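Single chain ahead, written as C-alpha cells, the form predicted on its own.
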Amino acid sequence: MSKMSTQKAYSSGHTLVADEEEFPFFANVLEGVVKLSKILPDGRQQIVGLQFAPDFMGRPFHSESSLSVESATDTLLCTIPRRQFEEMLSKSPELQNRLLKQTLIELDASRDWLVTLGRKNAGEKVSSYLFMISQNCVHTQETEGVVSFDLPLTRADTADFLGLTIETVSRQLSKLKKSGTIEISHNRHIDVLDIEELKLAGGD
C-alpha cells in the first residue's frame, strides 16, 4: 500500500470533495482537522462531523460523496487512488477487517456526539466540544497541567456544529473563562487550566 500512497498537504478552507462529487481517492488524516458538512437546498450549511488523525476518508465501492469535505485547518493526508485501493480491499480480508474496525470506532464517536447535540445544554455542548478537540488534535500541547490548542473552527462554524447561536457560544466560552477552567487568547487559542473540570462541565 505504501507504494500507492501519496502524502498531500492542503491549506485551511480547501474543499477536498464537494457534495455529490466523485471521491477520487481514499485517505487517512495524518495532521489537522477535516470538516464534513451538508449543504441544504436553501444554501445553509450543517456541519455533521469532524475528522482527526488517523480517521479514514471515503466509502469503498461508492464513488460519490454524500457530504462536502473541507480542510478546517492546514491538513496533511495520506491518499490512495480509489481504483487501486478497492482492488486491494477485495483481495485482503485483513485490510477489510481493519477498515471495518476503524469505521465502527467512528460510528461510536458519531453516536456519542448525537447525545451531546440532543440532550446536553449549551454549556455542556461547548465544554464537550473543547474536550473533544483537546483529546484529538495532533498539535495539542500539555505543559505543567495546562492543555493548549487552537480551535479548528470559527465561532460561526462552531455554532453551526453545536446547534447554537454565535452569541451563545461566545457567552459559554466567557463563562468557562470566568470560572478559571480555560483561558482564551487571539480569539481561537485555548489554554485549558483544569481538564478534569472541563470534562465535568461537559456532563461526562
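All residue numbers are counted from 1 along the displayed sequence. What you are looking at is a predicted structure, and each value in this text was computed from that prediction instead of being measured.
The protein also exists as the form predicted in complex with the DNA; that form is not presented, and the subsequent description refers to it.
K.L.:
For the chain shown here without its partner, which stretch in 147-155, 35-43, 59-67, 22-30 has non-hydrogen atoms within 4.5 angstroms of the DNA in the predicted bound form?
P.N.:
After filtering at 4.5 Å, what remains is 147-155.
K.L.:
In the predicted bound form, does each residue in the set G163, S174 and R188 place a non-hydrogen atom within 4.5 angstroms of the DNA?
P.N.:
Yes, all three are in contact.
K.L.:
Does at least one non-hydrogen atom of A122 fall within 4.5 angstroms of the DNA in the predicted bound form?
P.N.:
The answer is yes: A122 has a heavy atom within 4.5 Å of the DNA.
K.L.:
Might T140 be said to contact the DNA in the predicted bound form, defining contact as any heavy atom within 4.5 Å?
P.N.:
No, T140 is distant from the partner.
K.L.:
Mark S179 yes when one of its heavy atoms lies within 4.5 Å of a heavy atom of the DNA in the predicted bound form, and no otherwise.
P.N.:
Close contact is absent here: in the predicted bound form, S179 is far from the DNA, nothing within 4.5 Å, heavy atoms only.
K.L.:
With the cut-off set at 4.5 Å between non-hydrogen atoms, does Q135 touch the DNA in the predicted bound form?
P.N.:
The answer is no: Q135 has no heavy atom within 4.5 Å of the DNA.
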